[in-house]
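The chain below stands alone and is given as structure tokens, in the form predicted on its own.
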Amino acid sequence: MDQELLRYESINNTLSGDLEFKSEKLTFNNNQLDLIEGTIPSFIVNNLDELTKDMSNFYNEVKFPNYDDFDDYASLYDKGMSNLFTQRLDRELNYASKVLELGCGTGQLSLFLARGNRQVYGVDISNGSLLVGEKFRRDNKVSNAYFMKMDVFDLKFKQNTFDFTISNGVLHHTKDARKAFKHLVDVTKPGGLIAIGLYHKYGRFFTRVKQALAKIIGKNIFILDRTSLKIKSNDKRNAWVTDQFMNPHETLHTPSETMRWFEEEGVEFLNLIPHCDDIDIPIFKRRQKPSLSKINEILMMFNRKQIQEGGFFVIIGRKKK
């Protein structure tokens, strides 16, 4: 009996149906689930739409980010603690929280947050990326993280389930970022926290220029990108360049637009990074909602940090009770 598969039975209280381990197979609502290389359950029931299929194939190849820098869980943890954003998440999320990471990729954040007896669900549509994360999880015996293949537009979780839901750099690669956000709100419990990271409509201007150049010079675009030049590993650099400059689909958004999503879905605004964040204040503490004029948002085009990070913002909220 595969104990690694058997452990999935313990998460039935999170899923919207019955998951059972029968005759060395996992079934969901009495339908046998496909297992990716015998290890990761796939909850994809219907065929993926063409865009989602393209993105799945893209990240099967890219597997971004990889684990080149990590020998074991301790090195993964040290890397997570060296990043101010993930360090603050870990410090402020309650132990034993139930966490969903939508678009977990290779699972580094999911595994990092699994410490403190949190129950973490890493969901993605890329077989290749999930397999990379699952191998690291098994090798390092992280028992409270669960990787699974699932579509954001057909999540198999009960509504009002997660204490914290995060999707960082993912929704803008879907066919409908606004609709995908609604699905995340649905599975977050009242009073639960939500964080989404999106490409900034104006802050991503220079990256869009590089994307146009990449169509001509290919992966050599890295010589014009300061972030790429700092990456020592060739594999990691290629993954970054491919993800940033050769991605088949992305949409661009503004904080003002996204704050309207929060209002429409009954999510209280807490924080907006980098626009109104103060690192001396807890990341989940409510701030005054910024009044962002069109000119303020356009000026993010020239923000040095936005240029370095490819134009990105994170908005955090709390689902109203």
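None of the values given here were measured: they were computed from a predicted structure. One-based numbering along the sequence shown.
Form predicted together with a small molecule: not shown, discussed below.
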Open item on the list: I need to confirm a contact call. Of K98, K156, H183, H173, which residue comes within 4.5 Å of the small molecule in the predicted complex, counting heavy atoms only?
Closed with: H173
Task: Contact residue in the predicted complex, chosen from E134, E250, D225, D243 - any heavy atom within 4.5 Å of the small molecule - done: D243
Open item on the list: If contact means a heavy atom within 4.5 Å, which one of 212 to 220, 111 to 119, 164 to 172, 73 to 81 is the stretch that engages the small molecule in the predicted complex?
Closed with: 164 to 172
Open item on the list: Test of understanding: in the predicted complex, would G203 fall inside 4.5 Å of the small molecule by heavy atoms?
Closed with: no
Open item on the list: Please tell me whether any heavy atom belonging to S126 falls inside 4.5 Å of a heavy atom of the small molecule, as the geometry stands in the predicted complex.
Closed with: yes
Open item on the list: M150 versus the small molecule, in the predicted complex: is there a non-hydrogen atom within 4.5 Å?
Closed with: yes
Task: Close approach of T258 to the small molecule in the predicted complex, 4.5 Å, heavy atom - done: no
TODO: Give a yes or no on whether each residue among Y59, P65 and G105 has a heavy atom within 4.5 Å of the small molecule in the predicted complex.
DONE: yes
